[in-house]
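Read the single chain below, which is given as structure tokens and is the form predicted on its own.
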Amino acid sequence: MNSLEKKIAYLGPPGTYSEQAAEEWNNGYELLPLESIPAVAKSVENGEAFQGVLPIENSIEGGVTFTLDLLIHDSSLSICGEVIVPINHYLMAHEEIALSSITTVYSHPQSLGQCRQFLLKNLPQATLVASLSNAKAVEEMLLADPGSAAISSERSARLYGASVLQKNVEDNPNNETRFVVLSHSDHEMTAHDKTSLCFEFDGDSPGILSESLTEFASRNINLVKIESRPNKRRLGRYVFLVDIDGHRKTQEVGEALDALRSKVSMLKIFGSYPKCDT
């Protein structure tokens, strides 16, 4: 694929926050909207796109489980970059209607969670419907009855001709989503990198996790984030996802990863890439 043919895939349709993240990351290439998180990854794997942009973490709702599980179980792609997008949700409908008249609200599950208190206070009568994306929610709303509304971006309202009823309906004004950029390889070293990885243990014993994390602390490597996901094989067994400061090719990070590898049953390095500061 030459440079003129390169495409950047993202979770579409146009109007999503993923599109905004892809536009911020983009360097003049064509954007390719796709219908699901697995479809974005598959487009990179099969060469239809050379990079894919996916949401991985929100400052209110936490990790995006679809993306985390994809990275752990279903993809060999690497993270080569990240983008942080401020999230401002808009409530919209076919036309101007009273909030009390709204019977259904469409939105992505993450967005519904980020607006939970607003919905409970202002739309307790409405049925909440999960959509594949915020932009898809607007499409579904416009095809539904006039008592339907959607929570999405201002750009979606403009693109699809929806009427904005209320701005900034997110519960927390400091609402941000982190997106990762997937490719066939990660990023070369810069002066400001982070590394993402996951690992799990065969068994369980007191201190097994803290002892493993000591491999980072003993080398003065900062632990940026840690969370867990079920390993999907046995109840009570988890995969731990970790972000650390530094590039995997530096001596101290490389030594820490080698030492960690000897203590765990599985270690998967998602990639090293430049940090995006908020």
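One-based numbering along the sequence shown. What you see is a predicted model, and the numbers here were worked out from it, not measured in a lab.
What comes next is about the form predicted in complex with another copy of the chain, which is not displayed.
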Within 4.5 Å of another copy of the chain in the model of the complex: all of Arg178, Thr214 and Ser228, by heavy atom?
yes
Flag Ile60 as yes or no: does it have a non-hydrogen atom within 4.5 angstroms of any non-hydrogen atom of another copy of the chain in the model of the complex?
yes
Asn172, heavy atom within 4.5 angstroms of another copy of the chain in the model of the complex
yes
Partner proximity in the model of the complex: Ala98 to another copy of the chain, non-hydrogen atom cutoff 4.5 Å
no
Asn46 versus another copy of the chain, in the model of the complex: is there a non-hydrogen atom within 4.5 Å?
no
Only one of 217 to 225, 47 to 55, 246 to 254, 26 to 34 sits within 4.5 Å of another copy of the chain in the model of the complex by heavy atom distance, namely 217 to 225
Given that another copy of the chain is left out here, which of Leu159, Leu142, Ile84, Val164 has a heavy atom within 4.5 Å of it in the model of the complex?
Ile84
Report the residue, out of His184, Arg155, Arg116, His187, that has at least one non-hydrogen atom within 4.5 angstroms of another copy of the chain in the model of the complex.
Arg116
Heavy atom within 4.5 Å of another copy of the chain in the model of the complex - qualifying residues of 226 to 248
Ile226, Glu227, Ser228, Arg229, Pro230, Lys232, Arg233, Arg234, Leu235, Gly236, Tyr238, Phe240
